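Single chain ahead, by itself, as structure tokens, in the form predicted on its own.
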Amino acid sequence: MGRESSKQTILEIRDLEVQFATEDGAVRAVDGVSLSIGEAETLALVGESGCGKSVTALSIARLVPEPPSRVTGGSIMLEGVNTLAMNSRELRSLRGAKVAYVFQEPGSALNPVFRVGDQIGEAIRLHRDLRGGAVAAEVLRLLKLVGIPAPEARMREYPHQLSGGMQQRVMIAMALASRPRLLVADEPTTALDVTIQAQILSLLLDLKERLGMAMLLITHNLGVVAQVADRVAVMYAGRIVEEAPVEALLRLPRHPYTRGLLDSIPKLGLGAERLSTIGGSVPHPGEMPPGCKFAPRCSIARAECHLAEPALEEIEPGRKVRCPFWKSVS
């Protein structure tokens, strides 16, 4: 991991802001997020539930319902084209063809009344110039590609006849059917047991290397990040608080929130210490504290942290942190 990204940028998000209309007024779920992913690179977007990870990811292809959501600022460039400026017809051609998604609940995403092969075949016919026997042959190839045993039999089965791990492999096959430039994997292993999680992560890593896709991995699990990511962006309360190559971030985090996430990972061994936790909870989007959004939960917060929001600053090449006291994080 951690290799330098390709010179070609596949995805570039700049200063993205997304608001949601609520009974109490507009709340900002994504607040000035900037990210980029190069060709054949994996960026992991990490943070607690509710921090804005999935809204950021879904905004790439404009999949967040409008209303109640509304993009109020920024740009999302996918291979040089701003997806926020696309009309509905252009978005339909973008989804699946340029960017494809794998979600955490394959049982909910697959249609229970259609056979697996028919669902993959529909994705192929929608985005590629294949028909008849060529579609069936491509379905079979994709099922083999994602490691499904006896693919000839599986393509005739319904989703409920497959295990959770096999359903997720089918979802990956559907995502790959249109040969996307960017694969967004949103908590793709959360609903699976540990053994199957490892298999799916290994599969995603192998496919990314073989097919040259860029990948955005959404997760709250830093253990997952260590296995598959090149770079990591840590998100808190709608903002990026740290970004770094994966080895550097895991070895020496520079934001107190990242430090807390790493300390909360269970450790094995006779001398393992009691599990650490981060006190408090993520603030509600409509009730953000003044100053640094993490300050009320931060062990190194100072008086000035509660007064002004720190900027996301580059402290070394390829590494950014939103904390002026990052040298105190250990």
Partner chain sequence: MAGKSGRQQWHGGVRTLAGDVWARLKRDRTALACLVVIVVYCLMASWGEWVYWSARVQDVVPIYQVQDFGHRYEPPSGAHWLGTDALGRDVFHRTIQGARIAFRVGIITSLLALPIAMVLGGAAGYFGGRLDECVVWLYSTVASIPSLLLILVIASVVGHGLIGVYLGIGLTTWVGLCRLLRAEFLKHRQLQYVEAARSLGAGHARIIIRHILPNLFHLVIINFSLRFGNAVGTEVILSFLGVGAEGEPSWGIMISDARLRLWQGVWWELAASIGATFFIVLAFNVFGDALRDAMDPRLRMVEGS
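Positions refer to the first chain, counted from 1. The model shown is predicted, which means the values in this text are computed figures rather than measured ones.
Keep in mind that the form predicted together with its partner chain is not shown, yet the notes after this line are about it.
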item: 4.5 Å heavy atom contact, Tyr101 to its partner chain in the predicted complex; value: yes
item: Contact test in the predicted complex: Gly96 vs its partner chain, heavy atoms, 4.5 Å; value: yes
item: Partner contact for Leu58 in the predicted complex: its partner chain, 4.5 angstroms, heavy atom; value: yes
item: Glu157: touches its partner chain in the predicted complex, heavy atom cutoff 4.5 angstroms; value: yes
item: In the predicted complex, the residue from Glu247, Glu79, Glu209, Glu122 that sits within 4.5 Å of its partner chain by heavy atoms; value: Glu122
item: Residue (of Thr72, Gln199, Thr190, Ser108) lying close to its partner chain in the predicted complex, criterion heavy atoms within 4.5 Å; value: Ser108
item: Options 132-140, 110-118, 219-227, 253-261; stretch whose heavy atom lies within 4.5 Å of its partner chain in the predicted complex; value: 110-118
item: Neighbours of its partner chain in the predicted complex among 60-79 [non-hydrogen atom within 4.5 angstroms]; value: Leu63
